[in-house]
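Here's a solo chain for you in structure tokens, the form predicted on its own.
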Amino acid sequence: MSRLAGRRVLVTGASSGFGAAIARLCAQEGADVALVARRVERLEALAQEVRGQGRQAVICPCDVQDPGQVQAAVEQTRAALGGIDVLVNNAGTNLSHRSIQETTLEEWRRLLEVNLTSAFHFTRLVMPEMVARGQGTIVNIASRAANYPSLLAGVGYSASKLGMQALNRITNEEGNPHNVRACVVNPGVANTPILDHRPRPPSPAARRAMLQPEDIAEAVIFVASLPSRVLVERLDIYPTRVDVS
């Protein structure tokens, strides 16, 4: 039996990396999906895959830094799918330069807008319908940097992911009495396009030894498919090899 049969899932940052893998596996497990990102051509290609599996796919072009576009994406999803059962806050970015001195105030604000504020905004818009329905799951994709902030991850990225953990905790405080749950997933180093922003991107061999987007997608499906009485508040997922970085 499909683990997410009949569910309606909204995934941010769905055009590549974790987001694309999550959306793809959600569809394979029986869910209809709303694909939120800026790169329309990539969303269209992914939507074709989803529809080929007999599921609905809604393309929601959106710059998550724009409150109006976030609102429109949520409204478009509701109109097309009838509601949102699972929200995956995955949109994220980073810089090539990551120290305090090299990071401008404008860059700091952009990192927090994309990585943290967008998750707050989507949660704020979607959570009321979950509370009213008495059921819903929110999955926040953070990072190992939330547990171990570092210069390698960067000051802005680390701060934003620490903030994601706080958002997740308070979402549970507000949502759990109404059978609404939130899980923060903290992946270690993973083979996604965000690695291209590193000052020295990893080699192909190192990338193969890292976590893969499909690993995180499996974790999201696991969390979302558990009975509603079960809360996994935090899931840390790191590569087995400690020398991968």
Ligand SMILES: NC(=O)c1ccc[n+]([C@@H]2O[C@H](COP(=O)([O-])OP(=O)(O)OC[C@H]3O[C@@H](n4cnc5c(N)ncnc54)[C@H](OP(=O)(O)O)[C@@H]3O)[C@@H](O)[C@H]2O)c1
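As the structure is a prediction and not an experimental result, all values here were calculated from the model. The first residue of the sequence shown is number 1, and the count goes up from there.
What comes next is about the form predicted in complex with this ligand, which does not appear here.
65 is the sole member of 179, 28, 65, 56 with a non-hydrogen atom lying within 4.5 angstroms of this ligand in the model of the complex. Checking 130-138, 89-97, 71-79, 171-179 against this ligand in the model of the complex, the stretch whose residues place heavy atoms within 4.5 Å of it is 89-97.
Residue contact with this ligand in the model of the complex: residue 50 places no heavy atom within 4.5 Å of it. Contact annotation: residue 190 falls within 4.5 Å of this ligand in the model of the complex, judged by heavy atom distances.
In the model of the complex, residue 219 stays away from this ligand, with no heavy atom inside 4.5 Å. In the model of the complex, at least one heavy atom of residue 14 sits within 4.5 Å of this ligand.
Contacts between 161-180 and this ligand, taken as any heavy atom within 4.5 Å in the model of the complex, involve only 161.
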